[in-house]
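In the form predicted on its own, a lone chain appears below as structure tokens.
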Amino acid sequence: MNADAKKSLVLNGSAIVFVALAGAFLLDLWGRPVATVPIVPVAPDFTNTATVRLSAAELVRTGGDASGLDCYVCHEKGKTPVIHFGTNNLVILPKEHEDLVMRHGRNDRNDNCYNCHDADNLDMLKTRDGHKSKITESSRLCGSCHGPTYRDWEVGIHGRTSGFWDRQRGAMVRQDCTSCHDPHSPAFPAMKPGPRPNQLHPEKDVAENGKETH
């Protein structure tokens, strides 16, 4: 067989193979791939990066209305408000503060306003050892009782940290304790856990476990 005949045979053979493959694809001889399960978007509740509360420090930092932080808009300077307690030894909140829920501490024992607020200067906070802080520095007050948790917060393994790891690209913001915890009722309510990550190959999970997961 000469070279031209070999060349013609190869070309014809290749053409026949390609035609056969095209026919096989058109006829779907190898079947169709398993349809992938559509990925349902995660609910916005789980992707929202906003904190559940707005701390005094964040309110001031963002230029919000901080008039509600001025105790002496209502209280008289130089006159310490008298705290009244009921027969169950729980503080009786005045009408102006009846929206507060006093559930701080084990068995709600931390219900005395002056455990945290400075009786001589209501615009200041005061720790048990007498150290005073501004209302915008409330995390320092929290740390005076919750030392281990405060140390975790300082290094970023408790609470919320936003911004940039690379400080050259931007600032890092560590949210205050009161950005998440209500200072008068700090126990965090139970939260519904977010969904697990979607399977990249759900059909494989079906084949192995006999059920489909989402």
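Since we're looking at a predicted model, the values are computed, not measured. Each residue number is its position in the shown sequence, starting from 1. Rigid core: the largest C-alpha set superposing within 1.5 Å between the two forms.
Just so it is clear, the following notes concern the form predicted together with a small molecule, a form of the same protein that is not shown.
Student: Using heavy atoms and a 4.5 Å limit, would one call E96 a contact residue for the small molecule in the predicted complex?
Tutor: Yes, E96 is a contact residue.
Student: Looking in the predicted complex, any heavy atom of T149 within 4.5 Å of the small molecule?
Tutor: So T149 counts as contacting the small molecule.
Student: At the 4.5 Å heavy atom threshold, is H158 in contact with the small molecule in the predicted complex?
Tutor: It does: once the small molecule is placed as it appears in the predicted complex, H158 has a heavy atom within 4.5 Å of it.
Student: State yes or no: in the predicted complex, is some non-hydrogen atom of W165 no more than 4.5 angstroms from a non-hydrogen atom of the small molecule?
Tutor: Heavy-atom contact with the small molecule at 4.5 Å: absent for W165.
Student: Just checking, between the shown form and the other one and with the core aligned, does D166 shift 2 Å or more at the CA?
Tutor: The answer is no; the displacement is under 2 Å.
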